[in-house]
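Presented below, as structure tokens, is a lone chain in the form predicted on its own.
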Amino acid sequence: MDDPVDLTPLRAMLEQRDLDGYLIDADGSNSDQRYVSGFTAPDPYQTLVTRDGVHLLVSGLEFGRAQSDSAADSVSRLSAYDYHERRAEHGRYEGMIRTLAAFLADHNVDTIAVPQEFPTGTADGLREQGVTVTAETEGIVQKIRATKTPWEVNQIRATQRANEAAMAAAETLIASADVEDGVLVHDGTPLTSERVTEEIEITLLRHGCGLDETIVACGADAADPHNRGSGELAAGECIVIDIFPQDKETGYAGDMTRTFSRGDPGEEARRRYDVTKEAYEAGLEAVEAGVTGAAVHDAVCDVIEDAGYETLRSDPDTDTGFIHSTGHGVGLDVHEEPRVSPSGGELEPGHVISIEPGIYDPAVGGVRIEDLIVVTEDGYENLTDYRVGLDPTTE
């Protein structure tokens, strides 16, 4: 990460609670681990934050790369604390615990805070070695991560550019398909959710990004916001495409949703699309520093409820209408702080959030529109540069 990570709030917490350090024990798929260490590896490694530095404990296999790539003030090998000898004498688990305890002692650490998801076995083992271990339940690193540096915003923007290319590929495929017996057909074969997903994935790979899954959902499938979609795509039905990739090098995510229909989906579906678009615009208009995520969510709900549709605000038990929150933070995780929801707190400059209202009903289908924005002092900057329209285009 080019911009230095500001761990001042974390160190203030350590001082306030009279703790010597904060320890993360996880592999690089853990976003807090990656963020604090500036490093990623497929196997677990340890990151220790003290009041004066960040220190890594890694295997010999990762030592050289950690020295060159990480943001840590020091990097130590397991062998520096006699890991192999300890493992031979005490077994793999106990050997690792004793090695980690020696690493902590070397940094004059007797008391530590750990994140909620810290391994129970490691915590219990360290306690047996005389280390005081306290779970930190407020998600302090997640709160730090919520405010992006300019460098982070640029990485998210770059991922969103790849996302736009993938959306364009999907939209073009839908727009250029023939229609036979109410089904979209491409090169003589029914166009399926799986085929469009494949085109999305290939495009993302060409832009240095990837994803575990995406959403290409048609008709009644699109009425379930998290239904990935399957099978043939029909003409005259709303098709929800939600793409949330991550850059393979930096790990930063993007997120965007568009809804298309090849042919007229009917008056009610078109009305729902127009209301969703109005709600999306109202959500964007409500965003600025100092406004709460809850207030933005309320602005979206106002539009949808005024149009005669249910929301979870108007009916917490509804299973049609607007049945999710307005948005969420995006960064190293596709879903992170802050929340644009009934419980969403104050938005701050540097928060990167989605605005994604939708209206759902299996009898009609689903509609969702989503942009990714960064909060600024006087409003927001839209990180998404992609048209909003129900009719797909080959342009």
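Only a predicted model underlies this, so the values are computations on that prediction, with no experimental measurement involved. The first residue of the shown sequence is 1; numbering continues from there.
Just so you know, the form predicted in complex with another copy of the chain exists too; it's not on screen, but the next bit is about it.
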| query | finding |
| --- | --- |
| In the model of the complex, residue 201 touching another copy of the chain (heavy atom, 4.5 Å) | yes |
| Partner proximity in the model of the complex: residue 151 to another copy of the chain, non-hydrogen atom cutoff 4.5 Å | no |
| Another copy of the chain contact at residue 135 in the model of the complex, heavy atom, 4.5 Å | yes |
| Partner proximity in the model of the complex: residue 68 to another copy of the chain, non-hydrogen atom cutoff 4.5 Å | no |
| Site check 144, 313 and 379: each within 4.5 Å of another copy of the chain in the model of the complex by heavy atom | no |
| Stretch from 273-281, 171-179, 243-251, 292-300 whose residues place a heavy atom within 4.5 Å of another copy of the chain in the model of the complex | 243-251 |
| Answer option from 161, 206, 107, 186, heavy atom within 4.5 Å of another copy of the chain in the model of the complex | 206 |
| Residue (of 269, 72, 112, 123) lying close to another copy of the chain in the model of the complex, criterion heavy atoms within 4.5 Å | 123 |
| Stretch 280-300 - residues with a heavy atom within 4.5 Å of another copy of the chain in the model of the complex | none |
